[in-house]
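Take a look at this single chain, the form predicted on its own, given in structure tokens.
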Amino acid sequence: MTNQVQTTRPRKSLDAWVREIIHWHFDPATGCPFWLDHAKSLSWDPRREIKGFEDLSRFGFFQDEWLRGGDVRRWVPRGFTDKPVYVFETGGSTGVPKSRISIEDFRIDYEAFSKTLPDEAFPFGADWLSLGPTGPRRLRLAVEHLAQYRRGICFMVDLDPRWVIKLIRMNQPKMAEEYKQHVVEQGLTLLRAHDNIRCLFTTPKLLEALCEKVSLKKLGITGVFCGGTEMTPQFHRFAVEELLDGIYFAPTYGNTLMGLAVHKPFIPEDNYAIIYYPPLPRAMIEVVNPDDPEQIVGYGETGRVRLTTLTREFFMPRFLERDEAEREPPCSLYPWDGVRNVRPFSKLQTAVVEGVY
């Protein structure tokens, strides 16, 4: 199968956006040093020859190592040299992290995501609690901006996933559990002290640990925004039917490199599958054959996630993620391909420790 977006209108919009982003990143006046240097190694001019999304295959695959170490300023587009620059690190892995610069993308992405949240569950003017990774991760500023965008204030409790991973690798599960409980207790202290907290961001394992101690509904929580690689259909059902007692549950899939994919609203026919759609045209998710990542799998088939990010801040074509999923067909709200039941890529599982995610 070819990697065609299945409806004409989104495809035309995506192709037009690709051309715009290519012209921005490969123009000496606006582009970033990395891509301007990369263009010198090519025998062709991207601004002339990239006409649409399909043509990005000419770049090959984006390499993981390009984001690990080195001068992070090589990723800052010249068109943004007068703007304050943030740097975010990926996930909870140890070693040299992947770093990504950001200027406005985290705000743009989460303002778009805000439009998908029902106001009755995430009321404007309500305060938020973010219980999860902060520090160098995009979540720290993104969730806080989401709360502020909805005219709320965000309370924060930090969890260091790298420390949890270290404890697990040192065969210290008791210490890891004690650390998790330490984080949960801080969250409960804030929930009990601030009556206006109505909205919660957390990870699946922390949500379960919270609900073992209290009824979030009785504490006034009306909406839970939840993300992490431990999100499964089984957990989705458990959260909706047992943990949350009618609280709106918004599962999400996002990362530092892509932004945020939105969940398809729950319908019984999906049997609690976790279905996400990327924020086209700013990012595109494809599901490819792990043994031949040029090949898109069929709908319903399992493959490795291939991510393309297309913003003026960050251009990342055809990056093979550490995730696998089933390819999901378009739906009425999102008339382009999505992914179902994202999870760690099975061929890498021996090397991946998810900790409290």
Partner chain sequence: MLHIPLLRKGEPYKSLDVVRVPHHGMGEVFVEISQANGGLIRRDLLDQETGREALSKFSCAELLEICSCAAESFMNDALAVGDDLQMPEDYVRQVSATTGLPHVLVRNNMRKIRGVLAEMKHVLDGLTRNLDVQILDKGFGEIEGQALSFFPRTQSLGVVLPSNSPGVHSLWVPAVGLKIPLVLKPGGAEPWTPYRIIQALIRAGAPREAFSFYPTDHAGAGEILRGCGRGMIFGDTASTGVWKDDGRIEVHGPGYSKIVIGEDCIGEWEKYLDVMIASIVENGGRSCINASGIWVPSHGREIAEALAVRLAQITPRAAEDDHAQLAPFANARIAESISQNIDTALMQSGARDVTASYRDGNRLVKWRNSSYLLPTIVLCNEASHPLANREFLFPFASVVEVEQDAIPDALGASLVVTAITSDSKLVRRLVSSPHVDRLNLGAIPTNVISWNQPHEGNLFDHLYARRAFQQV
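Numbering follows the first chain given and starts at 1. A quick note: this is a predicted structure, and the numbers were derived from the prediction, not measured.
We do not show the form predicted together with the partner chain, though everything after this point is about it.
When contacts are judged by a 4.5 Å heavy atom cut-off, E242 counts as touching the partner chain in the predicted complex. Remark: T134 does not count among the residues lining the partner chain in the predicted complex, judged by a heavy atom distance of 4.5 Å or less. Interface membership of R237, defined by any non-hydrogen atom within 4.5 Å of the partner chain in the predicted complex, is confirmed. Looking at E185, you'd find every heavy atom of it more than 4.5 angstroms from the partner chain in the predicted complex.
Site residues N171, E208 and C211 are all in contact with the partner chain in the predicted complex, judged by any heavy atom within 4.5 Å. Heavy atoms within 4.5 Å of the partner chain in the predicted complex map, among the stretches 269-277, 186-194, 114-122, 97-105, onto 269-277 alone. The partner is absent here; in the predicted complex, the one residue of T232, Q148, T222, T252 having a heavy atom within 4.5 Å of the partner chain is T232.
The listed set K166, K180, R73, K217 contains one residue whose heavy atoms approach the partner chain in the predicted complex to within 4.5 Å, identified as K180.
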